[in-house]
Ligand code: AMP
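Just the one chain here, laid out as structure tokens, in the form predicted on its own.
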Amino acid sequence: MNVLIIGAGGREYSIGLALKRDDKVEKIYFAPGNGATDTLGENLAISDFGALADFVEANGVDLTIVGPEAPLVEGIVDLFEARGLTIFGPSAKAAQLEGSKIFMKNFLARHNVPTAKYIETDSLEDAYTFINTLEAPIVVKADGLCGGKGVIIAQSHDEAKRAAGEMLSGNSFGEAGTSIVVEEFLDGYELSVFAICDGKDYVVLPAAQDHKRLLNNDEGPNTGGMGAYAPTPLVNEMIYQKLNERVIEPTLKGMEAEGMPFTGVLFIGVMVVKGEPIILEYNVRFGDPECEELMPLLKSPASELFYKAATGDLKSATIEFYDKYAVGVVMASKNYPYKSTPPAEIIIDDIYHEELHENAHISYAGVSRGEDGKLYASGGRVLVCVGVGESIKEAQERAYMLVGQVHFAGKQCRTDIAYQAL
């Protein structure tokens, strides 16, 4: 099987790594890929959807997997499917679950999926009125895609009103913020749950927990994610059952009833409040860095999971996971998340430790290949050091042992990933 992976981050690298272990996969292509994906397959400098479909047809690519949200919202799946090509991901209509927070919240309300009390509006007056009915903190969200940054947790009524005004005026997030969602703040613990869906059937992956803040003890600004671990012991069978019955099944039935069956990854942002799972948001692709921890836990061939979901045949798949834990630590560039950082050469010490060789690896993200053939940190989240173990503690130790082997100027990372579980 030949596979094309759309995207350039650690998430796409990790999917590539899982496919590389798969005997059924012959050739992997990345579009555009990053400076390290060329060690797993071939990078393509093609961004136009039509040209990518031409490449797939001309080169006998059996499956395309879409990593990031933007191409999904822009309709790459519709274009490929119209040409009879197998692609993993939701249609543009179904991708509105992430592309529009207003669409998503109204969908949850229509199908009685538990979510926070909210208002969606483009009126500042209505936003102010609703804000006055809530207790602080208050959540203000831009409607459209903002690269994971369109959510403000305001600590006071004044801050919430200021955030709403900034968004609605277009100052904060441009067009993406000219309609907003204001909602009550939920106090509990957060989980990332991923369901691989084929329109009717689904497979739930081990629940993960992401660490969004830049600094230890969940302090500092929000980021795209500074690390994650899976599975989290904060989820029991009762919570999984509630998620299946109250969230995933009504969502898949509702999407089908509304003429947009959901295929791909349903990423469920869950807040557990007093044992009850309440839905914060949906995304329509893997989380990054959660994907980097989930892929090494997948025991079944990755091609089977993605191909059978893309072809509506998950019923016939037997998907298994290792009874282990994975912890991923993000190593970011010096100025992340405030501004870009000049490229810095990455140097990795030789690893002589057998245990580390077999139970830890790097997933590369913000890296480029220099003309000298060396790998450079090119900014943002540079790479993820992933450790796998029989316990969270063992996985964490291995991840941090690997962190100690990686060097580049200005590197930064948290030293407490998975602390909630430990």
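Note that this is a predicted model, so its numbers are computed, not measured. Residue numbers run from 1 along the displayed sequence.
Keep in mind the form predicted in complex with the named molecule is missing from the figure; the text below concerns it.
K.L.:
So if I measure heavy atom distances to the named molecule in the predicted complex, which of the stretches 231 to 239, 138 to 146, 304 to 312, 158 to 166 falls within 4.5 Å?
P.N.:
Correct option: 138 to 146.
K.L.:
Report the residue, out of K253, K334, K212, R246, that has at least one non-hydrogen atom within 4.5 angstroms of the named molecule in the predicted complex.
P.N.:
Exactly one residue meets the criterion: K212.
K.L.:
Please identify the residue among E184, E276, D78, E345 with any heavy atom within 4.5 Å of the named molecule in the predicted complex.
P.N.:
Selected residue: E184.
K.L.:
Does D198 reach the named molecule in the predicted complex, with heavy atoms at most 4.5 Å apart?
P.N.:
D198: no contact with the named molecule in the predicted complex.
K.L.:
Can you check whether E190 is within 4.5 Å of the named molecule in the predicted complex, heavy atom basis?
P.N.:
Answer yes; at least one heavy atom of E190 falls within 4.5 Å of the named molecule in the predicted complex.
K.L.:
Within 4.5 Å, heavy atoms only: does M271 come near the named molecule in the predicted complex?
P.N.:
Because a heavy atom of M271 falls inside 4.5 Å of the named molecule in the predicted complex, the answer is yes.
K.L.:
Are any of the heavy atoms in A317 no more than 4.5 Å from a heavy atom of the named molecule in the predicted complex?
P.N.:
Judged by the heavy-atom cut-off of 4.5 Å, A317 is well away from the named molecule in the predicted complex.
K.L.:
Are L297, E394 and A418 jointly within 4.5 Å of the named molecule in the predicted complex, each by at least one heavy atom?
P.N.:
Looking in the predicted complex, the three residues L297, E394 and A418 all stay beyond 4.5 Å of the named molecule (heavy atoms).
K.L.:
Since the partner is left out here, which residues of 259 to 290 would have a heavy atom within 4.5 Å of the named molecule in the predicted complex?
P.N.:
Read in sequence order, the residues that approach the named molecule (within 4.5 Å, in the predicted complex) are M271, L280, E281.
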